[in-house]
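Read the single chain below, which is given as structure tokens and is the form predicted on its own.
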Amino acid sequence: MADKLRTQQQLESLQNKYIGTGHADTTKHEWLSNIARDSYSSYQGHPSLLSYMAIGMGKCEERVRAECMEKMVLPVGPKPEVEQG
């Protein structure tokens, strides 16, 4: 029983420390937004990947970096309306 409690406490600690780990109340939209933001952040943080993407898109690296930053605002579109019943 102590192991289960310790595991639960560790999970809660990780969820408080790292937003993207999610929890039981995380919606699909929030989860997808976290994944997309993490991906765009990774693209910007790895110069070789950013260079590869820039070559493939036919744009300069700074333009691709700026586009990634713009996409981080609403990565998967606006939050869907919740029906209240």
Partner chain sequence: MAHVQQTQSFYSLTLEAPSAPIAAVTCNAIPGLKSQDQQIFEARGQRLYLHRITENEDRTEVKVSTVLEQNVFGVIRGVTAFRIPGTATDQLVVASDSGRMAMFNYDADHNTLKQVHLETFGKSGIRRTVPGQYLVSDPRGRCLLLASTEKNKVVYMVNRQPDSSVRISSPHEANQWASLCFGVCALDTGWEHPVFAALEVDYAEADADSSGAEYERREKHLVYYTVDLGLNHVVKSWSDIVDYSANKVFAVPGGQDGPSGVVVCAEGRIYYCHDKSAPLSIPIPRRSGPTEDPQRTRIIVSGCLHLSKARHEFFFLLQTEDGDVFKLTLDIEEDAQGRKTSPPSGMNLKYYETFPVGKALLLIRKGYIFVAAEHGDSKLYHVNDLAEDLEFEPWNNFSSDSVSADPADPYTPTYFTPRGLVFTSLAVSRPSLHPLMKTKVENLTGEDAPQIYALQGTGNRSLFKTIRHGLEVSEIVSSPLGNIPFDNLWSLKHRASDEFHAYLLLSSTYGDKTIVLSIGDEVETMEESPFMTNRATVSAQTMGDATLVQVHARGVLSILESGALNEWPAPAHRTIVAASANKRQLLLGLSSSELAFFYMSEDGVLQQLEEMPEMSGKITAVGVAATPRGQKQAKFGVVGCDDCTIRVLSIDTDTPLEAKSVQALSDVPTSIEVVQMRDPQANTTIDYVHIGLASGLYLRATIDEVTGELGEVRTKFLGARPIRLFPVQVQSEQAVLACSSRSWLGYNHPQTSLYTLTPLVADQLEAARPFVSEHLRGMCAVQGQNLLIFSVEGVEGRLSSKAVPLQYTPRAMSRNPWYPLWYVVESEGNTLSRATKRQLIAAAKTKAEGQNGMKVETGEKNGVKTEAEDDAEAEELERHLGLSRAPGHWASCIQVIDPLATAAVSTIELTENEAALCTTVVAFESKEWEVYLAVGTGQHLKPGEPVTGDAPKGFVHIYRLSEEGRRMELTPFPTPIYALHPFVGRLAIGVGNELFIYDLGIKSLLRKTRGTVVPNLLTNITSQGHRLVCADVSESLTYVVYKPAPINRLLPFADDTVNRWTTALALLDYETCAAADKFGNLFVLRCPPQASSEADAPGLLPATAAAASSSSTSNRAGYLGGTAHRLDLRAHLATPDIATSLTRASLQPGGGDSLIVSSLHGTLSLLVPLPSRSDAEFFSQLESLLRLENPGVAGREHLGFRSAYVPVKGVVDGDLCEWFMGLKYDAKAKVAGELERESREVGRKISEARGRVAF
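The model shown is predicted, which means the values in this text are computed figures rather than measured ones. Residue numbers count along the first chain shown, from 1. In this text, the rigid core denotes the largest set of C-alpha atoms whose superposition between the two forms falls within 1.5 Å.
Keep in mind that the form predicted together with its partner chain is missing from the display, and what follows is about it.
In the predicted bound form, its partner chain sits beyond 4.5 Å of every heavy atom of Arg6. Contact check for Thr26: every heavy atom lies farther than 4.5 Å from its partner chain in the predicted bound form. Interface residue remark: Gln10 is not counted as part of the site for its partner chain in the predicted bound form, having no heavy atom within 4.5 Å. Remark: with the core as the superposition reference, the CA shift of Glu12 between this form and the one not shown reaches 2 Å or more.
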